[in-house]
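Single chain ahead, written as structure tokens, the form predicted on its own.
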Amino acid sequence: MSLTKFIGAKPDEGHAKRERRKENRPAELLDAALDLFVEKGFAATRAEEVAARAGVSKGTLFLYFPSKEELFKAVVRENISGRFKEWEQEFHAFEGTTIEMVRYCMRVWWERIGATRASGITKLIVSEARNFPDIAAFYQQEVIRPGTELVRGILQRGVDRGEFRPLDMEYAVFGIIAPMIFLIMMKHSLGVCMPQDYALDPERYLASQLELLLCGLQLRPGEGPGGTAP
């Protein structure tokens, strides 16, 4: 009896499993890297730690990602910046009011980023940008710029449709972004050690911020589109 028959495996089964593992390896490395970058930060995370957590050698890691910087960039693209095209298409197809769109934007952001491990990337950038300007510049180009443009487009939609009064768009975008950044920073810093009765409820916090924000954005009583008196 052949060894293959004895162990009950088909001749190509072991090869197929190795191929499947090889195909999954980049995703496994990115998953391990995300965990470690969020847990330890960029500076303290070592390539050999990522490799060990993914169950491969350091040399294997560098076959896929030639440096820790490139590994970090791949993590950001996989978890955040690579999704902007999808989000833009989603918002272009949105048929509700712009107020509903803003509510949807913040709720979806929390579900897809804020409530996930990927939210820790923002805290990492805030903490370490000064020491790693190249990483900060990459994040600015890949995440901050398209993110602010997406929010700007949503607010401009509201102005164009006569739902929002005229806004200083350069700064109005931060009215949407700032509450989300604050929530992330609390989640990954003070929120970890705060007593339970002081802990923020993310959904309740965002709902409160939205009410304050939207009441300021809507047309004032007696005011026509464009901020003029009717």
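In this text the structure is predicted, and so the values were computed from the model without any measurement. All residue numbers are counted from 1 along the displayed sequence. Here, rigid core means the biggest group of C-alpha atoms that superpose within 1.5 Å across both forms.
The same protein also exists as the form predicted together with the DNA; that form is not shown, yet it is the one meant from here on.
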Only one of 181-189, 165-173, 47-55, 200-208 has residues with a heavy atom within 4.5 Å of the DNA in the model of the complex, and that stretch is 47-55
Does any heavy atom of residue 177 come within 4.5 Å of a heavy atom of the DNA in the model of the complex?
no
Within 4.5 Å, heavy atoms only: does residue 195 come near the DNA in the model of the complex?
no
Going by the DNA in the model of the complex, which residues of 57-81 come within 4.5 Å of it through any heavy atom?
57, 58, 59, 60, 62, 63, 64, 67, 68
Rigid core fitted, then: does residue 72 show a CA shift of 2 angstroms or greater between the shown form and the other one?
yes
